[in-house]
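This document opens with one chain alone, in structure tokens, the form predicted on its own.
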Amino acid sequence: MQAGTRLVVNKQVFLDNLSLCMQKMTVIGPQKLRGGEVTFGPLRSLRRLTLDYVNDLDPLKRFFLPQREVLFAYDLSGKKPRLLQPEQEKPRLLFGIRSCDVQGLAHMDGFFQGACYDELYWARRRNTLIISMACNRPNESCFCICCNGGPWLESGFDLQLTDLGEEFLIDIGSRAGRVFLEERPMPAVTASRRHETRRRELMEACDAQMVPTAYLAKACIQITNNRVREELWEEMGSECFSCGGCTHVCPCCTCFDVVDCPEGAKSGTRVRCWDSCQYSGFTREASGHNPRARAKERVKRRFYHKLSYAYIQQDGHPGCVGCGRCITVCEAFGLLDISAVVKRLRRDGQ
């Protein structure tokens, strides 16, 4: 079995093997809460697992960049200062992650191996097997086809599953994915023409159900060439509540802060926590000067970072995967999510 190979495995056989993995590693998967919402979390048995879901509102970047994490603890009570590193987590398997979050992780990978290589992020990343689930049914806010965020991918996963009913069609995306299959008793056959046809039908049906549209190319041209009127940025700034919701649910946003938390005169921890470029104090300097004190400037900066050619060239893609989470959480009544903003930029440039 090589990367790029497509196999077909009985669904129950695959899930039974997934259950056996829980004995040796942390298996994280989608589970339905009492209120009907679906969230990803550690699974102790298959009874909690659900395959009837679109996505988790909270982006799965939280398993690699936690909302709050201890970078190290320090102890100054002895003759020499001591730094205590967090313990290494046991191997993990992230099951059922959707394509948009896989693409979001690819974006995060580029950020955390850029100018400053982040050991804590990469320790989690290397320690996690990614088994993604292609989308057969998008949410009403999904627009991943507009920015190559899904619903099917060609890379970025270890294994990609397509639900065919009684079977999973499996795309092998890495050596780790191939080893996972070879080490487990799962009779598999090469995907036939019938399976490939069914996969294509599901892809086309999913594409047809996408409701929002995002004219990213036109917006990229407008922003890159500085053709957006300042009055429009002013208007959008006045509509923004600066709540930070859009950045916290975005799989591509990486803003964080680092603070020291003393636990006495000679001990404490250094903690990293999520931050947002939409908060008024995000760019405030030690002198008190704030280059982006106004909401207009913060909104402008956010979309420049998402859509300008300078960042697309640097990252290899726009800073959006089309998951639609910002549409769901925006407090500005759907005026400032990325789909709405790019439409406004397109119309303003006509």
Partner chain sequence: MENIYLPDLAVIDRIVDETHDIKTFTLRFASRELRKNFRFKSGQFVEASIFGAGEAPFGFASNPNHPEHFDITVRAAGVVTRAMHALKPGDYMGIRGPLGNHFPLEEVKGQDILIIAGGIGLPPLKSLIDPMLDCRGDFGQFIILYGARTPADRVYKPLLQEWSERGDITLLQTVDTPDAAWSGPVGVVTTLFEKIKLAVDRTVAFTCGPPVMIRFVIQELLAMGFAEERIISTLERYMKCGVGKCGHCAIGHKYICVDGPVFSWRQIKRLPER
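Residue numbers count along the first chain shown, from 1. As the structure is a prediction and not an experimental result, all values here were calculated from the model.
Beyond the structure shown, there is the form predicted in complex with the partner chain, which is absent from this document and is the topic of what follows.
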{"property": "Candidate stretches 146-154, 111-119, 186-194, 127-135, one within 4.5 Å of the partner chain in the predicted complex by heavy atom", "result": "111-119"}
{"property": "Residues Lys79, Asp275 and Pro291 all lining the partner chain in the predicted complex, heavy atom within 4.5 Å", "result": "yes"}
{"property": "Contact label in the predicted complex: Leu51 to the partner chain, heavy atom within 4.5 Å", "result": "no"}
{"property": "The partner chain contact at Gln31 in the predicted complex, heavy atom, 4.5 Å", "result": "no"}
{"property": "Contact of Phe256 with the partner chain in the predicted complex (heavy atom, 4.5 Å)", "result": "yes"}
{"property": "Proximity of Tyr74 to the partner chain in the predicted complex, heavy atoms at 4.5 Å", "result": "yes"}
{"property": "Neighbours of the partner chain in the predicted complex among 258-272 [non-hydrogen atom within 4.5 angstroms]", "result": "Val258, Asp260, Pro262, Arg270, Arg272"}
